[in-house]
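The chain below stands alone and is given in structure tokens; this is the form predicted alone.
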Amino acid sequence: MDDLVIARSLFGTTMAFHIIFATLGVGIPLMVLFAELLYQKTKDRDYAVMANRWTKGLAVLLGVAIPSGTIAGVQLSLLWPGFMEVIGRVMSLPFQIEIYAFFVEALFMSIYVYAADRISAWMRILSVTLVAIGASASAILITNVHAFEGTPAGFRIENGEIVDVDPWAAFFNPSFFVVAGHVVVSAFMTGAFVIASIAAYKMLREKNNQRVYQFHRKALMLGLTVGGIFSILTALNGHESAQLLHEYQPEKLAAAEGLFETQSHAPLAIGGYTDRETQSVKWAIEIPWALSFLAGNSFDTVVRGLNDFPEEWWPPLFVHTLFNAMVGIGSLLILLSGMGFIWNKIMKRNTFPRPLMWSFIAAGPLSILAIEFGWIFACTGRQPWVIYRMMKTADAVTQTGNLAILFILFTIVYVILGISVVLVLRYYFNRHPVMNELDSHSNDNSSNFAQ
């Protein structure tokens, strides 16, 4: 592999690892907030136990998210010096503001973890609210650099020089709000479904212990409810994202749908794979006119095909598969949350069928896979550009050699870190089973009642 492929592979591996922890670091604080609000409203101590245990798990995840994010930042400078030259001149604003967002998150996370039992109810809610806001703001600010790559604004390159720099125009680039919305709602969705997965697994394991079973059942329903809401919002935001691609990155939209010829009433291709030789999507199910409607809210919207662009500008055609996998998982998650709601609230059943429970268990890993597919699609679909139509990825890569050794070493580090996280979480929660906390709260309630 040449340096460009190795550099992309190394940074891609770093981001694929980091994004798991970063996403959960945004999604789980919202679940903690909802648990706190439910506890304050209902005085059901189960929700206080949920908030406490989820916070402990979050602290472990952040212990990996922070250093892996730091590694990603260092790799940006080392692997992509040409790109970082532009970022340093034009787009450094999000990095500067992100420091304050992280400060808010870390400060109030510390207050909530170490002083939750010593502060008032409203202060507990305020603390975890600011943790959620800080985490979301950090994600938005960092992801805004990616938005800028796809819809650059606030500068020009003239004779190799960066001129007419406007940092605020770069910050509020055309895709800022859509990308910011997508990263937040998809993270909230993922955090909720991961909680639901764990709860469903524990329900199967603890089906003979009704006290623990009911505790996890409450967590499952909370996860499915929040996950369902944000999966719908993610789908709606995805519609806006498609319209953004239609306007600003038309070849990316064409590659996502395997569309080669410009046309109105363009069909939406579901499934299959893109065949370059025949310029078609093999084995796909086509929905007539749907792509035109998705792109412009009208069936006669003209969607540009790949043949309108030089072939060296085409993204890799496998992005069609990534796009389909992302959308397919999102649709399945909406279906699962709907089934859970119907079974619990409408049919009033106390237990779920075993196949449905295993589907709930799969929902968390699937939501993380959707995040991975979406991230790879977003970055790979922009190729060959690192800054769309302004700087090619090949022009931004470092000329330093020996990247293959770094790739191997960092991959080993990520494997070790991933295994360590699983072992630490298992060790902690095995040493602190939920039944102990439920008994402790029950004893506290009994003592308060006796007094």
Partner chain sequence: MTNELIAITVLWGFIFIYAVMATMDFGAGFWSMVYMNREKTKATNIANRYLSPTWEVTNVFIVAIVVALFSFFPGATFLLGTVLLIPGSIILLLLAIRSAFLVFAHIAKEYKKALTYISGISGLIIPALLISVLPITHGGFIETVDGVARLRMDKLFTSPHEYAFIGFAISSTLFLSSLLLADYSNVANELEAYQIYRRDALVLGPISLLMALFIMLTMQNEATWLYEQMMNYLPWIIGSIAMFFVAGIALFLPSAKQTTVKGRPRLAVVAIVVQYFLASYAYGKAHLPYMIYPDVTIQSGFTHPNTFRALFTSYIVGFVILFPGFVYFWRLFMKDKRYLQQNDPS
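Quick caveat: nothing in here was measured; it's all calculated off a predicted structure. Residue numbers count along the first chain shown, from 1.
Keep in mind that the form predicted in complex with the partner chain is not shown, yet the notes after this line are about it.
Proximity of residue 389 to the partner chain in the predicted complex falls outside the 4.5 Å heavy atom cutoff.
Heavy atoms of residue 354 never reach within 4.5 Å of the partner chain in the predicted complex, leaving it off the interface.
Residue contact check for residue 67: one or more of its heavy atoms lie within 4.5 Å of the partner chain in the predicted complex. Put simply, residue 79 is close to the partner chain in the predicted complex: some heavy atom of it is within 4.5 Å. Exactly one of the stretches 342-350, 245-253, 323-331, 166-174 approaches the partner chain in the predicted complex with heavy atoms within 4.5 Å, and it is 166-174. Interface residue among 298, 262, 214, 110 relative to the partner chain in the predicted complex, by the heavy atom within 4.5 Å criterion: 110.
A heavy atom within 4.5 Å of the partner chain in the predicted complex is found for one listed residue only; from 88, 288, 365, 316, this is 88.
The three marked residues, 56, 71 and 424, each reach the partner chain in the predicted complex, with a heavy atom inside 4.5 Å. Residues are counted as partner-facing when one of their heavy atoms sits within 4.5 Å of the partner chain in the predicted complex; in 385-422 these are 398, 399, 400, 401, 402, 403, 406, 409, 410, 413, 416, 417, 420, 421, in sequence order.
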